[in-house]
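Only one chain is shown below, in structure tokens, and it's the form predicted on its own.
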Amino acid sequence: MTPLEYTIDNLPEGLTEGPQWLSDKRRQLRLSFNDKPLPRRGAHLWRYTDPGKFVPNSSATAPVTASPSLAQIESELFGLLEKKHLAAVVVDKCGQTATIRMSDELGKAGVVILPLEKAAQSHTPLVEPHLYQLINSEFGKFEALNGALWQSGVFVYIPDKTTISLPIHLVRDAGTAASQVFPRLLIVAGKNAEATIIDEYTGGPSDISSGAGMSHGAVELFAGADSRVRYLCLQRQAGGMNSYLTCRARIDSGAQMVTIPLALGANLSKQNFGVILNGKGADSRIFGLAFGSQYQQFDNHTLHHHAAGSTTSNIDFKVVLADKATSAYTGLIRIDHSAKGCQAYQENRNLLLNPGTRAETIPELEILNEDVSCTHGATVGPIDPMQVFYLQCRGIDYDTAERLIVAGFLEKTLQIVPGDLRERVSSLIRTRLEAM
């Protein structure tokens, strides 16, 4: 069966748990996936990536085995929870089982963290109005695929006027061998609520020699008026993964949201992060980072949709490439006709460490009124040789100088990462730099 013919004839057993409305929506999404053709290669957002590489095989829902490293990650996170460095931990083992632990304080405050299918049954008034509202069959073929086949999805609810000072940390393991997983996350933050969510994707085969692993993820986030939400996505899957992730957030008046997408792993990574500023005074900031080496390919897209006036947004997306790695970044700012008095800025900076790397940057503006302040910038180039010369004049060898310059290039983004995770991310980057 060729990729263009791939369909899901029947929802497998185990994916129809939950209330009837959820089963019905899953089936509708299955039908939508079957009806939609693959995105056309060369079309918008598919100019640099072959969509056929994200088509799963016929065993898309077959059980997979957890990665050997997951036990250590799980132990470390539960240790941080006990030491009160984290507010809650969720470990998703390849969509087969999920372990959820949270502090007593969260339970007393009315915070809800549950498997999504259970939350759909026990908290229907919270889940049904939000699930599939931002990412559904109209979004695209692969988004419909996730909607039909997600396993062990996670639901996070923060009530009105609730502040969670410590991060909630989720780990989604992709298993081993040519695994295929479909993680989904629904976050609902009430009015004047505050929280930090760390969403970590790990695991997968170490190389593609025996077939690429597949990960199709979807994240929907709703932030109420005057809320303050930080969402950090760390993609550090193994080198044999083809990773596809769509994240959409909608923030209401006065809400502040910081999105931090960090793409370090996988063989092929395609990510789409967007925020809809849906109320006056809403503010969104995206600080992204992609670091590729060997033959890694990154394809990132960001969106700020100003649907209301007097809203502000800022995008700062950095890319570092070594060896034969490639990157494509497309950033869209959309400002509606009625959204006057908006301020928006986006910047994409690409650092190429050696010949053979390639970076494409495509800034896009869709501005439907003149009462705005909107700017963008992009750079692509190697390390400034004068910076290297300056450090060498002070007794620093070339390799160390290069690593220091790259570290400085990434420092602003890393400083935004929560403390306990910052060292892990910095360690991954140091390992990558030392291997160059």
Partner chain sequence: MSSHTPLLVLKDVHVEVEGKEVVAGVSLTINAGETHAIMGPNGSGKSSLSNALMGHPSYKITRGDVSLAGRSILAMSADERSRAGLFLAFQYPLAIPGVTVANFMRTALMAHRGKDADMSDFRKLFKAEMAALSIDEKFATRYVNDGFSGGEKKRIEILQLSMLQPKMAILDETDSGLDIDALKTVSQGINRFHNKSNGILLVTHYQRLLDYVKPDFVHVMMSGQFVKSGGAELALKLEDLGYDWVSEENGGKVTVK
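These numbers come from a predicted model, not from an experiment. Residue numbers count along the first chain shown, from 1.
Only in words, not in the display: the form predicted together with the partner chain, which the text now covers.
With the partner omitted here, the stretch from 401 to 409, 49 to 57, 31 to 39, 364 to 372 that lies within 4.5 Å of the partner chain by heavy atoms in the predicted complex is 401 to 409. With the partner omitted from this view, the residue of 65, 379, 69, 392 that lies near the partner chain in the predicted complex is 392 [heavy atom within 4.5 Å]. Proximity of residue 43 to the partner chain in the predicted complex: non-hydrogen atoms within 4.5 Å are absent; the residue sits far from the partner.
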